[in-house]
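One chain comes next, on its own, written out as structure tokens in the form predicted alone.
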């Protein structure tokens, strides 16, 4: 099959890697890809969505998969479908579930999907008044896309008001913060759940747990994610059933009523409070680094899942997973997440260890290639993934692989999966 993947991160790399491991041979294109994706396919440089759709038509691309949120919110799915192309992802209207936190929270309220008490407003007075009614900590969110960084957990009322003021003035996140959500803080444990949807049917993947904070013990600032593991033992069949019945089914039914059937990945950020799942947020694409650990756990065809979801035929397939666990450890550049870093050469030691060769791999993200030399470009550079029969074994293997990767300023957490262990 000829497949086009949009994006440049470890998420897109891991989707392509999983497809390359299938029995069926695929020809894969990336827009734009990264310095390592050209080992899996061909990188393109076609930024205009209409031109990209024309390329896909001329090249007879059979399936396009959209990795990041920005093209989805911009409406790339609508452009491709207008050309009669098969593409995985939600329409521009359905992508508002991530593109606007205000839309998402109001949707949750309208369809009685459990979520935290909140106010959405552009009024600083209304936001301050609601803030005073809450006990601390208090959650403040910018309305629009902020690359996973538009959420502040304020420890005092004053800190919450500063965050609100800076968002509404445009100082923090520009236009993305000109409307804010202030909501109650929920005390529980957080989960990442992913439902692959075709508008009517869905397949719920094993629950994962992400590590958003930069430092060990969940210290420091929020990041795009410093590591993840799956499946998590913090979820039992009863909790899966509650998420299906109280969150996913009403969301799919509600989006149809809104005239925007949801196709693609519904990424549900869940807070479990006293055994009850409360929806923190929706995203409309795979999480990163969660995707990097879910893809290698799939034993059924990854490409077939994406294709069937894109053609409203999910009911025809059974998606299967191995009984193993996966742990992914993110390696980031020295200045992440505060600013850019100087490109640094990546050296990966040659492996002489069967356990590392067989049960670990690297998913590359923020890298470039120059004269056959791979460079860390800044941000999240790569994810070292380990598989095992227990979370501990998978984690230990992931860190074995980490020990073989070297570049100036490399930064990792050493406690990924600590919640489960």
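In this text the structure is predicted, and so the values were computed from the model without any measurement. Residue numbers count along the first chain shown, from 1.
The next section is about a form of this same protein that is not shown, the form predicted together with adenosine monophosphate.
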Looking in the predicted complex, is adenosine monophosphate within 4.5 Å of a heavy atom from each of 151, 185 and 212?
yes
Can you pick out, from 280, 119, 344, 85, the residue that has a heavy atom within 4.5 Å of adenosine monophosphate in the predicted complex?
280
Checked 271, 252, 317, 124 for heavy atoms within 4.5 Å of adenosine monophosphate in the predicted complex; positive is 271
If you check in the predicted complex, is residue 79 within 4.5 Å of adenosine monophosphate, heavy atoms only?
no
So in the predicted complex, does residue 166 come within 4.5 Å of adenosine monophosphate, heavy atom to heavy atom?
no
Is the gap between residue 258 and adenosine monophosphate in the predicted complex 4.5 Å or less for some heavy atom pair?
no
Contact with adenosine monophosphate in the predicted complex for residue 248, defined as at least one heavy atom pair within 4.5 Å: yes or no?
no
Name the stretch: of 138 to 146, 346 to 354, 229 to 237, 295 to 303, exactly one has residues whose heavy atoms fall within 4.5 Å of adenosine monophosphate in the predicted complex.
138 to 146
Near adenosine monophosphate in the predicted complex, with a heavy atom at 4.5 Å or closer, the residues from 87 to 114 are 101
